[in-house]
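One chain is shown next in structure tokens, namely the form predicted on its own.
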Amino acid sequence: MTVKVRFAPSPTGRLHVGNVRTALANWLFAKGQGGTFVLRIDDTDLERSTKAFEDGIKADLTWLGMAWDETDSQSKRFAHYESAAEKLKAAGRLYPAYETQDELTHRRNMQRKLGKPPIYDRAALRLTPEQIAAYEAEGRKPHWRFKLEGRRVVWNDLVRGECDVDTASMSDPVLIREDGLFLYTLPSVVDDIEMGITHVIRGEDHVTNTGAQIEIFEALGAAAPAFAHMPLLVDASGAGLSKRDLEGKLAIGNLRDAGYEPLAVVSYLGRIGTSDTVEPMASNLALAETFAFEKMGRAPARFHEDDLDRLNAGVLHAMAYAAARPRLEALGIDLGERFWNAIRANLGRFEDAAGWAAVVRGPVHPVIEEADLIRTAAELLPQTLDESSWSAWAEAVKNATGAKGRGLFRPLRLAVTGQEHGPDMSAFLPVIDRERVARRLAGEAA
């Protein structure tokens, strides 16, 4: 079987770490199996869906390196859903119901007061032709419910193992609203059938829905795909990620603007909640080669921003100059491969490179704390600066002054860079022009 999966976001908002983690699991599984990844835009809600959000979704996936093999929009497929609905109506599985939302809410409240589960009682199936005519004379439009078989639906979940849902414990789901618009369920099933989707990978909050959806697959004469329901993403404390965070700092566009590397985001979301070590990966495809549902735990995956920061730094530390060069050029700070190799281990965000370029180019206001030591260091500064100069220079200053350890290295670093901390000086010193170093040792801003 050739694997074919789909990610079906609604273009009613921006992508965030929660839904991207689901998209990524689909992408990784498809690429690891040599399969097909479909981007299916769920824009059946014509009022809330926008082209801007759709473009944003595509831009975010592209930035993350998650190219899709096929794409389609559900708003172009209404005729397919109408045909499926007529088939279900003819089979007696899709029936009209005329209750208003207020009436349904009142009925559920009464059921709870009586200690009964708030399940729809199928009152619509007992309506007489006269009652239906009276409702329609009032101007009521029916919504359409799928008649469940009320049985135990069983499937082997790729993450959770054997799962079952008793559809007798569920209300018949509404598939079509009063205004004629299709809700998520029917278009999703129809598209999965017609597009040949082999695996549905999504969050565990959809487990109960799966029981009803399997019945719809079967009612339409199709075999259900395989299912994998992933544990949900929570915050560091174990609480669900807030809508404010998901729409704010954890939106993919905001992570991009905050300076996170796409490979860091993918590496983190692809490994969090699994038995694999959370570490920077060489590429998305390298991550796909390690992906397996068997590695997913059953507990919610905890999102720690500090861990994402650590991975982001790790991606930069491993980044080759060839990959960094176009971005350095765009920032106007391409000072060569030796510069990049000297500073990359000290970067948390790529833009931090600009700060170290400023140290190289100057002017830097040197910090002279040990005037005698720095005066001696200036006299002993090597004529040529290379990778061996720092250790030889420091040794010479040590021998002349008796300073050692922090008392030696800190004053030298402060005088040369104006910074308490920074790149390894053996690699960084040769990047700075010798004349500039000499002027800084003399206390000049250079």
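On a predicted model such as this, the values are computed, not experimentally measured, just so you know. Residue indices: 1-based, along the sequence shown.
The same protein has a further form, the form predicted together with a small molecule, not shown here; the description that follows concerns it.
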Indicate whether F350 is a 4.5 Å heavy atom neighbour of the small molecule in the predicted bound form. no
Does the 4.5 Å heavy atom contact test between V5 and the small molecule in the predicted bound form come out positive? no
Does the small molecule get within 4.5 angstroms of any non-hydrogen atom of S10 in the predicted bound form? yes
With a 4.5 Å heavy atom cut-off, would you call H206 a contact of the small molecule in the predicted bound form? yes
Have a look at R256, K147, R160, R202 for me and say which one sits with a heavy atom within 4.5 Å of the small molecule in the predicted bound form. R202
Residue among F293, Y184, F303, Y120 with a heavy atom within 4.5 Å of the small molecule in the predicted bound form: Y184
The small molecule in the predicted bound form: contacting segment from 356 to 364, 311 to 319, 184 to 192, 171 to 179, heavy atom within 4.5 Å: 184 to 192
